[in-house]
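The chain below stands alone, shown as structure tokens; this is the form predicted on its own.
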Amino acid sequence: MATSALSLEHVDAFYGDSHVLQDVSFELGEARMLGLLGRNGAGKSTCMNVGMGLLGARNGAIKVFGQPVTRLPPEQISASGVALVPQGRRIFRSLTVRENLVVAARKPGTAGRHAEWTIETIFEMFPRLQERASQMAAHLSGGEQQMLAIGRALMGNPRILLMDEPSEGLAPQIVAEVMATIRKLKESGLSIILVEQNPNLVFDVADDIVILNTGRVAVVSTPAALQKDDALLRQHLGVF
């Protein structure tokens, strides 16, 4: 039986009185990539915030490798092996590139299957960050800031990586570089949830697909099956 790295089970989540996630259930398999798709406002980023503990679930359960983390604070969920690359990057603009990485460093847990991420291995993956190691993060280009956001998440040595709109606002050439990095991370055995507006980017790398529509799970499928169903994509994504 396949191991579930991260699961949301019948989750309801609210922003104030607004019921944003409604009975949401899905699973990220171990060493797999799940593409989370949906129109703007469908609840994709809310799922990421709930999974990271940044927003509490009103009902339901969140589990990391079978262990309940539903009401744990973000720092404890992070310690259990979950890291978030947030929408908008949210790097520490007043710190240098190196300082952004150092502040996020965490030793891998005993259950980790992956080689330890260090500043050296981050710089190996992102040579441009090494070139700019002493530069203030505020002065990086958009693509470099995204590389730094990914690198900072990896410095926590996670087993699960949540990536929220990593291609947002980037030039096509930089998007291609970011997606190549995501493929490498998948090949390393990380379990990844990838939130993206562009379904074609997700179809190219994901093993499984979940589509949200107005806060509910509308579709659970595979890229191959969805690419053959233009009507379903139009219905839930407004594309094709």
Partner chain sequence: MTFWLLLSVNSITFGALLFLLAAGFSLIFGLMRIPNLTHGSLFMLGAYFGATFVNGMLGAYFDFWLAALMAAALVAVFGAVIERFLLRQLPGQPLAQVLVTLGISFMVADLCLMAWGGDPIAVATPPGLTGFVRIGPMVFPLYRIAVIGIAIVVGVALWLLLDRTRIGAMIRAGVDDPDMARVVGIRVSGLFTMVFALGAALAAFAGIIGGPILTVYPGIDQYMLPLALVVVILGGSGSLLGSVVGSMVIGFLYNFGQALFPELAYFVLFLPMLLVLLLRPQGLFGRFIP
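What you are looking at is a predicted structure, and each value in this text was computed from that prediction instead of being measured. Numbering follows the first chain given and starts at 1.
Quick note: we don't show the form predicted in complex with its partner chain, though the next part is all about it.
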For this session: Can you check 139-147, 121-129, 96-104, 166-174 and let me know which stretch has heavy atoms within 4.5 Å of its partner chain in the model of the complex?
Result: 96-104
For this session: Give a yes or no for Arg152: in the model of the complex, does one of its heavy atoms lie within 4.5 Å of a heavy atom belonging to its partner chain?
Result: yes
Exercise. According to a 4.5 angstroms non-hydrogen atom cut-off, is Ser80 in contact with its partner chain in the model of the complex?
Worked result: no
For this session: Would you check, heavy atoms only and a 4.5 Å threshold, whether Leu54 touches its partner chain in the model of the complex?
Result: yes
For this session: Would you please decide whether Leu161 lies within 4.5 angstroms of its partner chain in the model of the complex, comparing each non-hydrogen atom pair?
Result: no
